[in-house]
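First, one chain by itself in structure tokens, the form predicted on its own.
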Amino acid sequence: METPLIPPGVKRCPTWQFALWMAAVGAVLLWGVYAMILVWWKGLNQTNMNDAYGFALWIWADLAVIALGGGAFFTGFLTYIIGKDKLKGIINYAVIIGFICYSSALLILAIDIGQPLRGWFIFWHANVHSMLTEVAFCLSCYFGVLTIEFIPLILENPRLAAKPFLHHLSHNMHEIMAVFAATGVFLSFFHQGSLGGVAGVLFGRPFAYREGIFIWPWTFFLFTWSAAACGPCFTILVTWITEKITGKKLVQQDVIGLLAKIAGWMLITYIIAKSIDTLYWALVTAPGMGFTLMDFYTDHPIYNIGILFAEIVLCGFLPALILITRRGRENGFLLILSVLLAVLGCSINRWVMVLQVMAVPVFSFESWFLYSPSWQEVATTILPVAYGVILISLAHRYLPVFPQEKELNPAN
């Protein structure tokens, strides 16, 4: 009798239903692939980027998914290095989400450079004075680490695990996973930080420029901090969405509660540091360059002062205060609201550090530079989302992603 593809002891939807779901998401994927081919075939004239916006929607999406994918390195750090064994109930999913985020980031970069066949130049002709070179190396290496962490889970598919060699390979890789988790933490610290450092050293862009320690601006540390705080929130949010779609409880509530608690304390400390950084920038750094706080905001629907309130208060202090209280974490609605707000706050931070940096005029004779993405940019930004949904769907159906699923759903 042939070994089944679906893990034993769990129930999955009928094949026809799964096929319809995959076809719907696949159609969105194909739309994105079509736009990607147009960009590669006809060039960056398919975008609305210009001299003011050399970095635009793609780079925002790139920075956002890298930050939200931080749940993989931080959860791995907590599980394998700190010894929070309870988080083994969600570490597999955190790795998958991180794998999707980082592979999506590399895909977005391949689209953004316009000539993907020259993508290897950054490795062979590396500019050793550029933080983006370090980002490219660490990003690629950490994607390799995530791939290694993903392989043992793939090998646990019942049909693959039935082969003795693959079964033992998976077991032995699990035994040394702490080494890769530690490597991932090291790589993530530097590329997350350097992405923030790129903005912080832009002396000609006073909205982004920050002072710092030695060669590192404050943004170097804030970007790493926010990824460690908001990455786990994104993992919790995607887990909740998966549970709602599948109609199953996949992770025990105490596991979610522990991860939410740690994320909450990371978030509250981050947002305090971010507030101090913002105050120092607004009261010391910017005035020293001849600017006032309101010079960086306008009455535009996106670039008004409300976006600062949204990032720090609504999507910073509010979710942090919910997550650090037991009552807040135990309330299902407040828990999901808080992790959603935290994810939005991190995304807003990356948005302003990419797009608002470009929009703010730096000369008195200039007006605000406005930008709206082309449909090709939108489609290729949605492309990784569709790819992520497909990969999660396949992993949930054919891999034992959630070790607690059988005991939480005894009716299966």
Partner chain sequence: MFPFVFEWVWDMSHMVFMGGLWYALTIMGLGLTYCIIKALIDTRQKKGGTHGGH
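Please read these numbers as outputs of a predicted model, since none were measured by experiment. Residue numbers count along the first chain shown, from 1.
Below, we turn to the form predicted in complex with the partner chain, even though it does not appear here.
Just one of 237-245, 264-272, 302-310, 167-175 has heavy atoms within 4.5 Å of the partner chain in the predicted bound form; which?
-> Answer to the contact question: 167-175.
Looking at the partner chain in the predicted bound form, do all three of 297, 330 and 343 come within 4.5 Å of it through at least one heavy atom?
-> Not a single residue of the candidate spot has a heavy atom within 4.5 Å of the partner chain in the predicted bound form.
Within a 4.5 Å heavy atom cut-off, is residue 257 in contact with the partner chain in the predicted bound form?
-> Heavy-atom contact with the partner chain at 4.5 Å: absent for residue 257.
Should residue 148 be counted as a contact of the partner chain in the predicted bound form, where contact means heavy atoms within 4.5 Å?
-> Looking in the predicted bound form, residue contacts with the partner chain include residue 148, since a heavy atom lies within 4.5 Å.
4.5 angstroms heavy atom contact with the partner chain in the predicted bound form for residue 161 = Residue 161: yes, in contact with the partner chain in the predicted bound form.
Contact test in the predicted bound form: residue 104 vs the partner chain, heavy atoms, 4.5 Å | Contact with the partner chain, no.
Report the residue, out of 81, 141, 321, 334, that has at least one non-hydrogen atom within 4.5 angstroms of the partner chain in the predicted bound form.
-> Of the candidates 81, 141, 321, 334, 141 is the one lying within 4.5 Å of the partner chain in the predicted bound form.
Check each of 180, 281, 221, 77 and return the one that places a heavy atom within 4.5 angstroms of the partner chain in the predicted bound form.
-> For this set of options, the contacting one is 180.
If you look in the predicted bound form, which residues in 98-117 sit within 4.5 Å of the partner chain (heavy atoms)?
-> Sequence-ordered list is empty.
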